[in-house]
Ligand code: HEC
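The form predicted on its own is given below as one chain in structure tokens.
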């Protein structure tokens, strides 16, 4: 038989709840035990306009919006309790094509349903008006104000398992250009973070606090010392050849992580929240290689971008045809006259088939590809198009040895040393990560 005092206590508790409900009060007594459960944080950033890997090198055939969306759809199917965040620095160069890439990338982010996106210093490249014209991006920035763009200081996501995740973001003012006419202002990141943490403590009682920081790794790490912070995810990149330390840092029940460069990998941080409020973490980087599924919606978006690039190429082509172009390059056919053996070696090399490689992937109209697959594209007297300057297709002798029209008319030696330095213009990390002159040179020795 149940002890009488326990029966009475149960009756009193039930009666109290009924009275509270009748009086219109729906709040139940709070449990002294913290909510527990698991969640997955997926993070990206530092993309620098890379919509799709160029495919020049198998090792660097990673990333792109098609694979990212395919990966995310798989993750969300098996992981309903997922938080998706982006650390910014998505734009790269201030060009017409660069702006097309930036817009396409933001359209992709909007379709990917991120929970929080913070602004990097590179993302202000096209100004406030460009950013304000982008819809459905969940911007978060606690210490950054941008005229014409509404930025939430924080966001809270309640997961399917009931866990509440509080997300805020701060940026280092030293990375941004601010002045009276820049329409950008930044306050002290630590003070802004403290204000947001106070808000979280007094009104939302989150189970996990995630801080997105945009700064150098050294500065980002210092935010692990702020009381109340559980996870720090930091993003920042200067150039596409930068090496980013993706090894997590665990410190007193907290963790610091960073996304890799160019969107080639996605970060996964699995968090387990225990009943006593403690947290444990498991982190890994997921390579978006050739085995990652390609999403058809993103393929359609990328095809639309390619069509705009082709239109841009044709528009600039019309302008170039109106200009008078003086001959600058001798061309490989002229070099053949005196250097038949060297020409034969070149013809069998990748340099001799570089333009064909673009045609095979339908990229013979892309200026970012043509500059390294033709002779003198973008230079006075250089390649214009296959129709206008067919004699300048491929990576010819003069791309390594310099323009030699004068040499062909009055041959003199002493220019072979220029070739070594020329390689670095196109054999950059994202296109040719294993490039080493001493190892590559034997392939085309002449």
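Worth saying up front: this structure is predicted, and the values here are computed from it rather than measured. Positions refer to the first chain, counted from 1. Under this definition, the rigid core comprises the largest set of C-alpha atoms superposing within 1.5 Å between the forms.
What comes next is about the form predicted in complex with the ligand, which is not displayed.
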Among 358, 301, 266, 271, which has at least one heavy atom within 4.5 Å of the ligand in the predicted complex?
358
Find the only residue in 223, 166, 139, 346 having a heavy atom within 4.5 Å of the ligand in the predicted complex.
346
Heavy atom distance at most 4.5 Å to the ligand in the predicted complex, all of 111, 119 and 147
no
How about residue 94 - does it come within 4.5 Å of the ligand in the predicted complex, if we only consider non-hydrogen atoms?
no
Can you check whether residue 411 is within 4.5 Å of the ligand in the predicted complex, heavy atom basis?
yes
Residue contact check: residue 290 to the ligand in the predicted complex, 4.5 Å heavy atom:
no
Find out whether any non-hydrogen atom of residue 60 is located within 4.5 angstroms of the ligand in the predicted complex, and reply yes or no.
no
Among the candidate stretches 291-299, 200-208, 338-346, 251-259, which one is within 4.5 Å of the ligand in the predicted complex when only heavy atoms are counted?
338-346
Sequence order please: the residues of 343-372 with a heavy atom within 4.5 Å of the ligand in the predicted complex.
343, 346, 349, 350, 351, 353, 354, 357, 358, 361, 363, 368, 369, 371, 372
Relative to the superposed rigid core, does the CA atom of residue 332 travel 2 Å or more between the shown form and the other one?
yes
Could you check whether the CA atom of residue 397 moves 2 Å or more between the shown form and the other one, using the rigid core for the fit?
yes
Once everything's superposed on the core, is residue 407 shifted 2 Å or more at the Cα between the shown form and the other one?
yes
